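A single chain, nothing else alongside it, follows as structure tokens in the form predicted on its own.
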Amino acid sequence: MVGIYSYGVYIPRFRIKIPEIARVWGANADDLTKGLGVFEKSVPDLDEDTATIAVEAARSAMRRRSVDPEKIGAIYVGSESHPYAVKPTACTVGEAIGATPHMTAADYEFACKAGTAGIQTCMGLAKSGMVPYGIAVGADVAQGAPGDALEYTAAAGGAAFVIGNDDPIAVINHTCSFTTDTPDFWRREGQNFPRHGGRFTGDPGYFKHVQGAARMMLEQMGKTPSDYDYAVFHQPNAKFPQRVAKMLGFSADQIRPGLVVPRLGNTYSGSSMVGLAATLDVAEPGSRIFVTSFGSGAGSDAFDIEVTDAIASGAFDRSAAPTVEQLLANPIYVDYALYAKHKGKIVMQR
């Protein structure tokens, strides 16, 4: 019965519209929005980073359902943009939420699937009885070099999931992974921005791995796409998850609740996890959710999730923290100059 005990999300309120970025670099805004299916993206405030996003997401998860901090035995934070190269973000999250010091904690990196790798680790620890609860976070202040294709989608945000086996709101029936050495995206130590292999990121990167993990999950569970109410796929843009859903046999209606990238952008390690959170925001007891993340480098984690009656019980209060839809509402738009300042692309010389 190991599964999701609670969850929370944090998305900065600032946004920049894709046409504003295109204006600065002389790109065709209509072609970009049509091709990517992304119309705006979140921008961190001046004092926001992966650590603050992870803390806020974890606090939201704990507001929705009472969790004894002394029983949080593990915290894992997946990100491509940890504030420190050597200083774990997970320790900051643990201290901020009052978790016991008698816990295991670490930062994970696997491009955009480091957060779901944290979920798998927490599942194993909780299922074995080593810890009562573990918290897995996927959060990023995503990087994209000025003028690069990544800049049009690289966003900020994250989600936290409390994993345990004590009356979860959603049981994780099974998980599996598909991993190869595919160098479609990388960033060397000391470099500020990642590099990518262009169309190589699509195939054999994204589509090979998402399909590999997804088909493995369907085969191992003996299920078909029609057995699921919802599906969530990693969303670097709106085009890729819609295309892979169709290739696998999932419908547009199944992926619609979790497809938040058009108004959010790509939150990298938070991408599929925010999509799952948006789906849980509307899911009812008995709903079956299919999830497949993707991280360049490259690999995918797939999950078969079944929502329980606990999500509608008095013990879990969905309204105690903002839903994904509420976090996306009422944005504050910035121009490119303010966006560049917020992202640290321009700094004041003193």
Partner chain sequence: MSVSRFWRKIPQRYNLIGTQCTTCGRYFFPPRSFCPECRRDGEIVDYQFKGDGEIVTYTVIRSASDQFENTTPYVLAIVRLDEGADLTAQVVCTPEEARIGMRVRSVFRRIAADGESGVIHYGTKFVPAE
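Positions refer to the first chain, counted from 1. Bear in mind the structure is a predicted one, so any value in this text is a computation, not a measurement.
As for the form predicted together with its partner chain, it is not shown, yet the points below apply to it.
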| item | value |
| --- | --- |
| Stretch in contact, per heavy atom within 4.5 angstroms of its partner chain in the predicted complex, of 110-118, 248-256, 224-232, 84-92 | 84-92 |
| The unique member of A298, A61, A51, A302 whose heavy atoms fall within 4.5 Å of its partner chain in the predicted complex | A51 |
| The unique member of D45, D317, D68, D281 whose heavy atoms fall within 4.5 Å of its partner chain in the predicted complex | D45 |
| Contact test in the predicted complex: M130 vs its partner chain, heavy atoms, 4.5 Å | no |
| Proximity of V55 to its partner chain in the predicted complex, heavy atoms at 4.5 Å | yes |
| Heavy atom of R23 within 4.5 Å of its partner chain in the predicted complex | no |
| 4.5 angstroms heavy atom contact with its partner chain in the predicted complex for A96 | yes |
| Sequence-ordered residues of 317-348 touching its partner chain in the predicted complex, heavy atom within 4.5 Å | K341, M348 |
